[in-house]
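In the form predicted on its own, a lone chain appears below as structure tokens.
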């Protein structure tokens, strides 16, 4: 028997169960592989908590949200054990060998790709699949989970239009996306948002207020503002750039730590930036303003048909690469095909929105304010 481990790591998202099913069913039926699931991400691997993934466990999970294996954000090299942060890479490798695994499949986002690369360097055969609602993983056309979340954002904006129109309000909608604005941009375009603010384009609150006031003078008495959680004003972006440069230039460990702490404090304070923006827009425009934070609603629920197909396609391709013993790669979507990309090319990189992207051009051409 050839045994393969599989785990899901990071935040949950629609399509995880479809991917698990695709890998395991294709691996077993086409290539004679057997699969052992590790519960709750890398923590389950370290603690050797397993679930045998047979036909009974895989039955009926295609359309289910979440993950039957559970997930966590634990990192093998920095895991909290008994109140102390410890490097548990050796424990993860020991569990891998205890089950006589040929390989380990890690399904997750950017953090998972980095953790998988560390395990590869520790001697494990690793293959990954790209999932994230942020669509920020490089060298794949799209990540599963994104399409479902995009539909949820668009539907939310559709629903908020009636309230904004009825009460003649500004409604600010905060969506996920720390460093990449794909979800805010795509959801805002699909929902007909009047203003879209993304991390890639630092915004001027006064410019946003002017755009809303122009709408108001033209007889459009409401406005929808879609903003990514990682979007920043131009002043905030300059401050972050200054703090990051100070961290880079620091010559001693104490100075580097001090700069890093300042940067961390800024990001902690930035969490409530959409509340501050909503209040400021109300003051600048004189229009009643309200904030809606979609939060985890974007990550839950039944995956779209597109995400089910994508996750199944990447999962079955993963089984083929496992059969051929091609390891140390992420299985990427490329057109209608799948391609193995070395983890070194993926880990630690972000797929952000290019400023000349067709979505950006389309938003500007229909009159959407992007805050600049």
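Positions refer to the first chain, counted from 1. Since we're looking at a predicted model, the values are computed, not measured.
The protein also exists as the form predicted together with a small molecule; that form is not presented, and the subsequent description refers to it.
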query	finding
Stretch in contact in the model of the complex with the small molecule, which is absent here, among 219 to 227, 240 to 248, 87 to 95, 129 to 137 (heavy atoms within 4.5 Å)	129 to 137
Selected contact from 75, 299, 215, 169, since only one has a non-hydrogen atom within 4.5 angstroms of the small molecule in the model of the complex	299
Residue (of 255, 280, 178, 121) lying close to the small molecule in the model of the complex, criterion heavy atoms within 4.5 Å	178
